[in-house]
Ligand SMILES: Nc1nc2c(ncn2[C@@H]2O[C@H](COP(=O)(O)OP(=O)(O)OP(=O)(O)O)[C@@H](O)[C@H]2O)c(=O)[nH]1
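What follows is a single chain, given as structure tokens, in the form predicted alone.
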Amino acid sequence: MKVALIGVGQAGGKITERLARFDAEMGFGAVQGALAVNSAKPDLRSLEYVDTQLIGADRVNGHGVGGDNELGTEVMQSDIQQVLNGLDGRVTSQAEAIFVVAGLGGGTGSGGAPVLVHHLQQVYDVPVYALGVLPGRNEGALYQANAGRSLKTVVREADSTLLVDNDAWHEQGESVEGAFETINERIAQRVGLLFASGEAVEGVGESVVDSSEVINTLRAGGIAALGYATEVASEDSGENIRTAMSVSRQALLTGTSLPDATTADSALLVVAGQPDRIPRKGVERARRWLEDETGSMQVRGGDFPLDSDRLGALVLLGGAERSDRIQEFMERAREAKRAQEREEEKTDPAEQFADDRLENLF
């Protein structure tokens, strides 16, 4: 699947960098062009695999928007033509989709990504998707409120929004910085493999997934989620039938980017590994199990030839917004917004001394 990537904000830039690097190191050739856009100049300096573009220089002078996603929206709207001009030559005629990548809890990414998606839809005739990262439960009220508003808007604008929950793909007990590194690395690997579907680099599969099946799975719109799991494979494909079932179950039930997202309008199962180790019966059995588990009759399946001694399963869910996790998150975002409003309504302590209802002594 040939894609163009645009990272917005700090998290979006870092994830786009990781995706471009993973694609280059694996030799997949799926990423056709990559651009990172930010209002904070220091965040752009560390990026090597992507081109960079600073926005909002006249408003924030390269210092970022400080978590203010309304200001993030404004600077993207002001500089949108500059950003679209910067995409010339990066969104090539080969690109089959555009992904706008952002952390939804910050300022520039949260506010700017929905604006960018909206304008890209008007310019390009390929699907425009969002890859959004939700803040974890412990990341503070500002991030929850930002992400709630951003998610609501970007889901409306994008053809589909692939969500990654910050609480889903890191190890317990990691430092905050270590957790972000782990999450970014896992996003790059999992989403990078999804992009590479159909771009075989080793051998020829019997039922190779191509980009049209990814696009058709995401056609349901709304929220999408991605699951992944691997196990060591036997050299005999017949012995891998149980392995194919096992990794498919793990990918959906414990390895998704959106915990507890199992009900979907559509789904795609990709089993990756050496072609002679991929069991046809195992793939079909896992696909039928996925139909039962998701409640969808639109479950596609296939394989992805990959030079590895392991068997992996990618599960892509389309139309997964009925997830309990989404409902829980949106309620938390609403509560965070209400808390912010209550805080804003509080009277300045100094104003009580100017209250005319109490007379001065003299």
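Computed from a prediction, not measured in an experiment: that's the story for all the values here. The numbering used is simple: start at 1 and walk along the sequence shown.
There is another form of this protein, the form predicted together with this ligand, and it is not shown here; the text below is about that form.
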{"item": "Contact residue in the predicted bound form, from Gly66, Gly62, Gly295, Gly29 (heavy atom within 4.5 Å of this ligand)", "value": "Gly66"}
{"item": "Partner-contacting position among Asn240, Ser160, Asn166, Ser197 - heavy atom within 4.5 Å of this ligand in the predicted bound form", "value": "Asn166"}
{"item": "Check all three, Gly273, Phe304 and Asp307, heavy atom within 4.5 Å of this ligand in the predicted bound form", "value": "no"}
{"item": "Proximity to this ligand in the predicted bound form (heavy atom, within 4.5 Å), stretch among 131-139, 249-257, 151-159, 220-228", "value": "131-139"}
{"item": "Gly103: touches this ligand in the predicted bound form, heavy atom cutoff 4.5 angstroms", "value": "yes"}
{"item": "Heavy atom of Ile183 within 4.5 Å of this ligand in the predicted bound form", "value": "yes"}
{"item": "4.5 angstroms heavy atom contact with this ligand in the predicted bound form for Phe99", "value": "no"}
{"item": "Contact flag, Ala20 vs this ligand in the predicted bound form, heavy atom cut 4.5 Å", "value": "no"}
